[in-house]
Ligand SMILES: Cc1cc2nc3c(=O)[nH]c(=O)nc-3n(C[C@H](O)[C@H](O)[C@H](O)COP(=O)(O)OP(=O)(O)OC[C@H]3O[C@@H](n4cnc5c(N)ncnc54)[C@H](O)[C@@H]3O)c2cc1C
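Given as C-alpha cells, the chain that follows is alone and in the form predicted on its own.
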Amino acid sequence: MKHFDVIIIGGGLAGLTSALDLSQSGLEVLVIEKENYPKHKVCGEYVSNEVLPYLKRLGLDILSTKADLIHRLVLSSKTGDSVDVELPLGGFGMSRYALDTLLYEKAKANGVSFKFETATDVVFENEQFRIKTNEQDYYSDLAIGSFGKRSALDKKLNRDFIQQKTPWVGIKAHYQSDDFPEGEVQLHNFDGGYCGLSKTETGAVNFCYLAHYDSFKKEASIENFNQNILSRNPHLKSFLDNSNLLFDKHLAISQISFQNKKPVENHILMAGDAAGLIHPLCGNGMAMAIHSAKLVSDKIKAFKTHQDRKQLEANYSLIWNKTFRKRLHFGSIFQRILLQPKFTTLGMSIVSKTPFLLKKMIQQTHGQPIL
C-alpha cells in the first residue's frame, strides 16, 4: 500500500501550485485529477501580478513567457458608458490551458505523482486519509481539497453551501480579434451579468462572462444570448461583430456558488475555489487560488515539523480568513452594486470624474505581492 505525505484532490491552479511547492520541500505528493492535461476551463484568465514573486520562487518566470502583460482596465455599463484606469499593480493574461500545463509539467519533473481518476470519497480515520477513486484507494497523512467551484465531493462532505441552488452560469471561449488592444482587461456589464475580455499568450482574446440564470434561460442558446442580450452593450456588440470564435463551441458551467465556505472540512484543507470564490467582476480568482496554495503549503511544512493537526487546521483557517475574507466581502459588495443599473450608471459617472476611486476599489479586491 503506497502512502503519501499529502494527497491533493483536484489539479487546478491551487492543487498544482501546492503540489509543486510541497514537492520542493521533499514531501511525497499525489495529485488526483479527473481529466488529463492540457485542457481549457471556464475562467477569466487574468492573473494579478501579486503572485509573480511566488511563482518565480517555484521556478516559473511568467515574464519570460508570451503572457499578455496587462496594465489597464476598461469598465463599462450596459449602455456602453465607460471609464478606464491604470491598474495599481497590473497583471498578466494567460490561458488555463497554458498555465495549468506549465505547472503540471514542472510538478511532474519535480517528482509529484499524478493519477487521472475521479475521487469519489474521502475518509479520515486513525489519523490518516483514505481517498477513494473510481479505480482504487490511496492513503496519506494530509489531504488538500482543490476540486473547484462545485463538486460531487462537496455533497459527500455535506458542505453547507452545496445545499443551496445558485442562479449563476459561466460561459467562456477564445476569439480571434485583430483590433483588441494588448495590455488591457475589459469588464462590460449587460442585463443580468458582466463579461470580461483580455488577451492570452496565443494572442487570442478570452471571452468569459457570468450571467444570471433567469436572464439566460429566456434565450434558446448561447449564440442567441450573445446576440440578443450581450450585444445591447455596444462594446460587446462591436467585439462579437468583429471577431471569430476559435473554439468548436463555448464552454459552460452552471450552479456557480459565491456563498461562504469553510477553509477546513472533515480535516481536509481546502484551497482555491473549494475554499472560497471571488466574484469574476473582481478579476482575481486565479491569483487567489495561487496565493491559497502558498498558505496551505506553508502550514503543511510547519505541521511536518511539529505534528499537531489541531494547530495546523486552526492556523490555516486563521490565515486564510485573514488573507481573503475581506477581499471576498468587497467583491460581493461590488457585484451587487454593478448588477443594479441605477447604481452602475451613478457609479460610472462618479468614477469617470474621480478615477482614483476605481483604483481604490480594485485595491480592495487585490493583494500585495507575495514575498
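This one's a predicted model, so the numbers in the text were calculated from it and none came from an experiment. Residue numbers run from 1 along the displayed sequence.
Omitted from view is the form predicted together with the ligand, to which the following refers.
No residue of the trio 6, 30 and 320 has any heavy atom within 4.5 Å of the ligand in the predicted complex. With the partner left out here, the ligand still marks one of 241 to 249, 70 to 78, 207 to 215, 227 to 235 in the predicted complex; by a 4.5 Å heavy atom cut-off that stretch is 207 to 215. Contact annotation: residue 170 falls within 4.5 Å of the ligand in the predicted complex, judged by heavy atom distances. By the criterion of a heavy atom within 4.5 Å, residue 222 is excluded from the residues contacting the ligand in the predicted complex. Taking the partner from the other structure, the ligand in the predicted complex has a heavy atom within 4.5 Å of a heavy atom of residue 253. Taking the partner from elsewhere, residue 308 is found to have every heavy atom lying beyond 4.5 Å of the ligand in the predicted complex.
This chain appears without its partner; in the predicted complex, the one residue of 57, 304, 41, 329 with a heavy atom within 4.5 Å of the ligand is 41. Checked against the ligand in the predicted complex, the candidates 95, 151, 177, 140 yield a single residue with a heavy atom inside 4.5 Å, and that residue is 151. Within 4.5 angstroms of the ligand in the predicted complex, the stretch 44 to 59 places a non-hydrogen atom from each of 44, 45, 46, taken in sequence order.
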